[in-house]
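In structure tokens, the next block holds one chain alone, the form predicted alone.
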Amino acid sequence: MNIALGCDHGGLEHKNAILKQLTDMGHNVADFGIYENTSVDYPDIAKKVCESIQKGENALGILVCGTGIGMSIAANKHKGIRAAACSEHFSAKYTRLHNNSNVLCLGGRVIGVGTALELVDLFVNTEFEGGRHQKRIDKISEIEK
């Protein structure tokens, strides 16, 4: 699977660990930075990741900032993006299963690297259930129009 990945200065350690995990799993990862620990504006990184999904270059995205909240807010401003800030397993699974989320946002200052890797694994390996949930996704798409 093609997956877009990005972070701000609050998520560099997590992003690097996620990059290794995803590539070890055989995924193609587009790394939109950052690459060294320098301050950056998280909406700029979210935009790059989300645009790559909108263009069909990547199926999913993962964004990491200090809390995951800023990235989630910025990502959700992009049409067709359903981003969820998750810090525990249940939400990471069900945001894919029921909400068909295509961007996972994590907080580098909220969860440890080990938990982040587990959440990424759940997110990437959970398929949208469809069925009764599809009509709700359709309603979200209508709001975007």
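The first residue of the shown sequence is 1; numbering continues from there. Keep in mind that this is a model prediction, so the values were computed, not measured.
Missing here is the form predicted together with a small molecule; even so, the following discussion is about that form.
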Contact residue in the predicted complex, chosen from Asn99, Ser91, Thr67, Thr115 - any heavy atom within 4.5 Å of the small molecule
Thr67
My question is simply whether Arg136 lines the interface with the small molecule in the predicted complex - judged by any non-hydrogen atom within 4.5 Å.
no
Given that the partner is absent here, does Tyr42 sit within 4.5 Å of the small molecule in the predicted complex, heavy atoms only?
yes
Determine whether any heavy atom of Lys48 comes within 4.5 Å of a heavy atom of the small molecule in the predicted complex, and answer yes or no.
no
Given that the partner is absent here, does His9 sit within 4.5 Å of the small molecule in the predicted complex, heavy atoms only?
yes
Stretch in contact, per heavy atom within 4.5 angstroms of the small molecule in the predicted complex, of 26-34, 91-99, 59-67, 75-83:
59-67
